[in-house]
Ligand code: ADP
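What follows is one chain in structure tokens, specifically the form predicted on its own.
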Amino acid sequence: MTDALSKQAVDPIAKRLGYASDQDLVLHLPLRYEDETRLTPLHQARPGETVTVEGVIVHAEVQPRPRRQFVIELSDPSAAVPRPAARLFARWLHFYPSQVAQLKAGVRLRLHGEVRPGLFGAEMVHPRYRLVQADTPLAATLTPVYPSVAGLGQTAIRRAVDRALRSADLTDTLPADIPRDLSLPAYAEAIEVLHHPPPDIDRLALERRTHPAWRRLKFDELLAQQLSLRRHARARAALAAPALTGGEALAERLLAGLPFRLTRAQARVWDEIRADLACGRPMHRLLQGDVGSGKTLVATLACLPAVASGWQAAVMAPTELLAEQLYSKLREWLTPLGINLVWLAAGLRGRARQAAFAAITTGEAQIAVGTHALIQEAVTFPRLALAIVDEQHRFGVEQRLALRTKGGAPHSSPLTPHLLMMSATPIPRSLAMSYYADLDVSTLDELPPGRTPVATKLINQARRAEVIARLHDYCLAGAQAYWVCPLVEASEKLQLKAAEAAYAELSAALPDLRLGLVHGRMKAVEKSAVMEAFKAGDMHLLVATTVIEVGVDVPNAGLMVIEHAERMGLAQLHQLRGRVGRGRRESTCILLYAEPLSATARQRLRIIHEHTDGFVIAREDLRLRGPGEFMGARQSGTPWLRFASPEWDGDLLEAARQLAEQLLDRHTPAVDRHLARWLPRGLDYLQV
């Protein structure tokens, strides 16, 4: 883009819409269109239709009752039919004195709106209107209706967009043969069609966004995303990282002491990670796997080359409960190998906290496990070689970056630590191809032997007493169970059962059972004590909020009851269900729901009832929510998509993926122009 365009003052309308330039404003595309290219005679305007009509005002008055309103009667003096049939009323419930003064008898008016049946005949309520002459031409193109903000009318937006279309640089950023080979129009042509569609355009294709003009913009957007991610991946690959080549002996000792063997998937992924760690370039890998697929063990193995090479590793989890569960498991596996671990979380106080700081800072702690506390300013890793982020989608971009930048190196030029991100929410292939294009993705697609299938049952809240009775018998038979509630305290607005209220109710209803309570507002030491007692079998029933969503492993717990399951997302329900079925006991997950159910809630419950495969559930979840909600746009840290959908525009995504590498190799100026148009603020995801 030219310097003149880049330095021009920001249009006030563009600024109110959140844009910084005309280049941005031309991509403010319509939500829908209205057809004002033809007139409908007044006597043919039928209720339920949205039409454009024209006539002369024959009567106008402000009516005080039953509600103050401004009403006009419009007639077509040129119609061959009598006046009662060739008339239409328009009414405004909100109006200004200037409007009343303007719309007087004898004024010719053009109205656009939905026709409704009224008390005296057909009428429009709050139609859009325009004063015209008998020879005023009709619109030549469909009228765009744009997304707006409070206080900003469509007329002002249309004028601003039209001005931007005249001043912005709409020349193609790509070589001409690229869109031609994909049967796509030129960029300027596509932009013009979307803002000013001709009357004979395929309206269905326009509304469904399958028209070639839409496809051109979707392709350009996907290509910009691919170029940005690939360019940053190449830059990352040029950085230096510690070459971690040891750890085989430690890994053999660890695996020899386990009562099970690695699955084929775990062995394959461990080989992929080991190769990354040894190559001297920063690993940037996502480890994904279904609930219970063994990600923690793979992450533990990944720490061993760092330890064996004299470096440190850090493992960060989003909650204290999960961090402590990870620390407990790693300590169980690694302490016998002589590896020194430390745990750090906000709940750690006093001398214990200072001791953890000191152990990390001096390098005495070879592996640090904790929460966000690991990235606070007071924490310094002198030799950090590997950063592991568990449940990575629950951290913001800055938090993930902060852990990686905690590393220092005793060399003349700092080395970049390796990064391993983990997620128990599988990423559908379409998202992996787009939003994770700069990541190497390892997938644990195999569950360890011994996992028991979990039966899922949907039960109406009205049968809650039956569920409690079954729970009583189940626990007395020697098993343990979870009872999960969405909130800690009662909410008058949502009327959900709170964990504390449920704990009191269940304690009264089940006096011969031992119950525990755990929720996010408890102190870390209290939560830890309750969890240890439950794992040791000292409690029959654990009443909890969703803090037990991840990281909790109690093989004897085979029953889970989830209250108000209709309020939870698919990923969360699947994660919670994964807390049972971890032993040889037959396991069941009961989803209590309250009616009435929304259509979306009904779909979610159907999906979780019919499927146990996390990858299938993730794919269905993506279809229901779209990528923005599925990933968390605020936390994704990737160039976001406004127009294209990885799920529905797969052919364009595949073409963009293939073309990105070619452009980066052969057409650097075109890449710069394209990214300047689509990512004008230079979004930087290089290190995240």
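Heads up: residue numbers just count along the shown sequence, starting at 1. Worth saying up front: this structure is predicted, and the values here are computed from it rather than measured.
Not pictured, yet referred to below: the form predicted in complex with the named molecule.
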All of Phe260, Gln266 and Ser293 within 4.5 Å of the named molecule in the predicted bound form, heavy atom check: yes
The unique member of Gly118, Pro448, Gly569, Pro175 whose heavy atoms fall within 4.5 Å of the named molecule in the predicted bound form: Pro448
In the predicted bound form, which of the listed residues (Trp333, Tyr482, Phe357, Tyr129) lies with a heavy atom within 4.5 Å of the named molecule? Trp333
Against the named molecule in the predicted bound form, would Arg203 count as a contact residue? Criterion: heavy atoms within 4.5 Å. no
Residue contact check: Arg582 to the named molecule in the predicted bound form, 4.5 Å heavy atom: yes
Any chance Lys329 has a heavy atom within 4.5 Å of the named molecule in the predicted bound form? yes
Hey, in the predicted bound form, does Asp553 get a heavy atom within 4.5 angstroms of the named molecule? yes
Within 4.5 angstroms, counting heavy atoms, which one of the listed stretches 283-291, 611-619, 358-366, 89-97 is next to the named molecule in the predicted bound form? 283-291
